[in-house]
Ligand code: GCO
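Next comes just one chain, in C-alpha cells: the form predicted alone.
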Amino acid sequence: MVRFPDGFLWGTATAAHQVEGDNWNNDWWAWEHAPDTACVDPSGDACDHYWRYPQDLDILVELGFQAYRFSIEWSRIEPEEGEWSGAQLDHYARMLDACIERGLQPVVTFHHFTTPRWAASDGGWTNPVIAERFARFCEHAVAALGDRIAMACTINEPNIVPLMGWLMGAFPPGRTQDLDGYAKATEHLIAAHRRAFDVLKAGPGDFPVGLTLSMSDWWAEPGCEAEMQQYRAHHEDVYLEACRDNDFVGVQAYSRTRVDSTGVTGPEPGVEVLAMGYEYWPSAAEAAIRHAVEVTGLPVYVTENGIGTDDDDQRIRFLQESLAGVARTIDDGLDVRGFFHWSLMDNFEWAFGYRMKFGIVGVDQTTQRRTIKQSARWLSEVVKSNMLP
C-alpha cells in the first residue's frame, strides 16, 4: 500500500458550461451552434447541474471526497458589460453554502474556457481591455462569495485558449495559424491572471489563489531537444513563470507531447491511443508535477487528471498508475497537496460533445439519471483510506 500524507486533499472537478446547461450567453454556446465548426453536439441541458447540484454534492459525500472544484459562469453574473445579476451571485452562494454544509471544501474557478458574448464580440482575449474586464468580474464575484471560498483558481488552462482558438481553430473564435492573435491572447491571459490574483487576495475571505495549467510529459526525438524546450517554454513555462508568486499551481496533465524534426507530432506507433486522439500515458501527471515545481517552486495540486473512455476498467488502471506517479513525487519531497479527478460526471466535452466519458458518475442525457461507476467505488476506497493499493 502507498500512503498519502495526512491532510492530502481529494476532490473532483467540473466546469460550468460542461455541466450546468443552457449557458447560452457565452462564446462557446454561439460556437457550438455556428455552422461549419467541428462541434459534434450542442451543450443543451448538459447535466442540469445548475439545478441538480445538491444531488451531485451528495454523491461526492457518499464517495468520501473532501473538496469540489467548480467554475462560476461569468456570462451569467455579468450578462452585459457592467450589468450584474444578484440572482446569479445568490445561486453560486447557495452552491458554496451547500458544499460547506456537507463538509466539502469549495474550490472556485473564475474562468473555465467560456467568455461572455459581449466580451468576445470586440476581440475577446486579443483585446487588451479584457484583462481589466476580467479583473472587474472577479472583484464583483469575490465581494459576494469570497468569505465562503476555500481555494480559488483564476483561469483554467489559459494556454489552451490561444492554442485552440487562434492556432488550431477548435475553440472560438476558430482561427488557424493566427500567430499574432495567439501572441496577443497569451499576453492578455497572463495579464488577466495577475490582475485577478491581486483582486482575489484583496477581497473578502482568506484563501489560497493560483493558476491551473494544461501540461504534458514532454518527449524529444534524438536531436530535437532544443526544439522541445522551445515549444514547452511557449506553451507552459511562460505561464509558470507568471505565477511564481502565487499560493499554488494547479497541474492538469493527461498525456505526453512528442517533438520531432517536423515539430509537435502525433502518437508514437505502437503506443495505445485513446478516443481523444492522444496516447494512453498515465505518467503525465508525475512528469508535469516535477516540471511545475522545477520552474515555480510552488506547492502543487493536481487540479485535473483522468481519462476519457467507455472502459471503466481502463479508467481504474489509468488512475492506479497515475496516482502511483503522484505518490513518487511526494516520496521525493515535492510539496503536492491534493488530487482532483476529472471529472465528477460524464459531461459536455467541448468540440467532442457527449461522446467522451471522463466521469466516475454516468449521466443519462435523456433522463438525467446519475449512475455511480465502479471506478468511483474504487477511487472512493483510495480517498477514504488515503492509501493506494
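The numbering used is simple: start at 1 and walk along the sequence shown. Because the structure is predicted, anything quoted here is derived from the model rather than measured.
The following text describes the form predicted in complex with D-gluconic acid (GCO), which does not appear among the structures shown.
Between 282-290, 180-188, 222-230, 247-255, the stretch whose residues reach within 4.5 angstroms of D-gluconic acid (GCO) in the predicted bound form through a non-hydrogen atom is 247-255. Taking 112, 315, 175, 133 one by one, only a single residue has any non-hydrogen atom within 4.5 Å of D-gluconic acid (GCO) in the predicted bound form, and it is 112.
Contact with D-gluconic acid (GCO) in the predicted bound form, defined as a heavy atom within 4.5 Å, holds for exactly one of 238, 276, 100, 295, namely 276. Within this chain, residue 349 lines the site of D-gluconic acid (GCO) in the predicted bound form, having a heavy atom no more than 4.5 Å away. Under a 4.5 angstroms non-hydrogen atom cutoff, D-gluconic acid (GCO) in the predicted bound form lacks residue 126 among its neighbouring residues. At a distance threshold of 4.5 angstroms between non-hydrogen atoms, residue 156 is in contact with D-gluconic acid (GCO) in the predicted bound form.
Not displayed here, D-gluconic acid (GCO) is approached by residue 358 to within 4.5 Å at the level of heavy atoms in the predicted bound form. Heavy atoms closer than or equal to 4.5 Å to D-gluconic acid (GCO) in the predicted bound form belong, across 298-329, to one residue only: 304.
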